[in-house]
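The form predicted on its own is given below as one chain in structure tokens.
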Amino acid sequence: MFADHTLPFIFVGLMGLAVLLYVILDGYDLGVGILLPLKNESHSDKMIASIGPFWDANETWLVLAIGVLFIAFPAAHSMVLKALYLPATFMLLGLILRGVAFDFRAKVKPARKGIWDKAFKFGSLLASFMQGYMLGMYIMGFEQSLQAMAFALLSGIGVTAAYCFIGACWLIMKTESDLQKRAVGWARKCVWVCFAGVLGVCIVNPLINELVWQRWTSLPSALFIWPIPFISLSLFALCHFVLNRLPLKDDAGCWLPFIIALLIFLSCYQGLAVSFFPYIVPGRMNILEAASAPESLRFILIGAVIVVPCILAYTVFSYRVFWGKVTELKYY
């Protein structure tokens, strides 16, 4: 059905799709968790309610991405997990803490609810920062140097800010009244922190990564890469313009910041993909070198053709059912 040399690229595309959907979908609910106010129970409850039907299922895409990496690219999986064992462990601890806190805040006495709100907030912050740190180390090819660690720390801050930004945009779309106004304020602050992070990566990454420098300065790849920063800059400017005018009468345009945030995430993701393709581990291992045997990939593809559409269908269905403005938080 497919030639042997095309199978690894099919699975890279599948893994890339899973990572992109995870970053967007779990990104906004991690951002909501980081922004969770600790001194306003009404706002906290509504923010939790806005992500309640989705947050757990959003993490399915992370499981799928890691599963594809493990099965289709075992050599790369071994290299990545070996280099990122500690930050990956801390990320998982953060995600576990979020899950525990989400359930426990609904069952404890009101006086102890704040403890689990703090746990949810800390778990969201820890998971977000570690994801950014791992991204920075990945971009640096897992180089063990002070320069690489500094870049990874800055990447952690940038990804955390980006999640806060998209989380605030989600709240603008899903909430009303005072909480929506508060979310607009959060988004106005986070958008420029996020912009500074993207600009920093665009400047620093080519300077410290020879592969990226060659890709950004040589034809024809430069023709595909250079428009991306300018598109991102335009989207940030547009988002700033829109946020300065929200909220509008009858809640018009409340969905615009979230759509712009999606496009910003997509353009940044595209920039990284174009910069490093065909390497699955930058500068160390390409897609064909890391791929499993064609017979294994062909067998796995059968399962992927069945499972991935089911996950997509469930995701679309859940967002369709729970679309619209959030209502008061209720536990049954």
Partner chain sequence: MDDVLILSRLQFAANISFHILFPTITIALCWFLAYFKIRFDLSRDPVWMRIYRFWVKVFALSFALGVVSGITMSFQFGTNWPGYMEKVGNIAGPLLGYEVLTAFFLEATFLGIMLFGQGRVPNWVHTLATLIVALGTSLSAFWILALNSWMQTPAGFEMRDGIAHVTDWWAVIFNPSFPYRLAHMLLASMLTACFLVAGLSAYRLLRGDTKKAPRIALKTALFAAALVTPLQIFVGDLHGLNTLKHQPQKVAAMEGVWETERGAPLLLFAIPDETSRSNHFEIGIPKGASLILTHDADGEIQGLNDFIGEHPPVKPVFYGFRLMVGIGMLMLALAWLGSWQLWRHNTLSPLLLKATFAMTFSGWVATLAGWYVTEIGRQPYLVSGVLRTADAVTDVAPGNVLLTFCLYVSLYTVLLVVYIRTLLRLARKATEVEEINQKTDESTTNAPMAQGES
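Please read these numbers as outputs of a predicted model, since none were measured by experiment. Residue numbers count along the first chain shown, from 1.
What comes next is about the form predicted together with its partner chain, which is not displayed.
Open item on the list: Partner absent here, but in the predicted complex, which of 36-44, 268-276, 63-71, 281-289 has residues with a heavy atom within 4.5 Å of its partner chain?
Closed with: Of the stretches listed, the one contacting the partner is 63-71.
- [ ] Only one of L256, L95, L125, V184 comes within 4.5 Å of its partner chain in the predicted complex by heavy atoms, so just point that one out.
- [x] Contact check passes for L95.
Open item on the list: Whether D178 contacts its partner chain in the predicted complex should be assessed with a 4.5 Å heavy atom distance threshold; does it?
Closed with: D178: no contact with its partner chain in the predicted complex.
Open item on the list: I'd like to know if K109 sits close to its partner chain in the predicted complex, meaning any non-hydrogen atom pair within 4.5 angstroms.
Closed with: Contact check for K109: yes, within 4.5 Å of its partner chain in the predicted complex.
Open item on the list: With a cut-off of 4.5 Å between heavy atoms, is I231 one of the residues that contacts its partner chain in the predicted complex?
Closed with: Contact check for I231: no, nothing within 4.5 Å of its partner chain in the predicted complex.
Open item on the list: Taking its partner chain as it sits in the predicted complex, is G99 near enough to touch it, meaning that at least one heavy atom pair lies within 4.5 angstroms?
Closed with: Heavy-atom contact with its partner chain at 4.5 Å: present for G99.
- [ ] Check, residue by residue, if I300, G303 and K325 all come within 4.5 Å of its partner chain in the predicted complex, counting heavy atoms only.
- [x] Each of the three qualifies.
Open item on the list: Do any residues of 289-322 have a non-hydrogen atom within 4.5 angstroms of its partner chain in the predicted complex? If so, which ones, in sequence order?
Closed with: Heavy-atom contacts to its partner chain in the predicted complex: S292, A293, E295, S296, F299, I300, I302, G303, A304, V307, V308, I311, Y314, T315, F317, S318, V321, F322.
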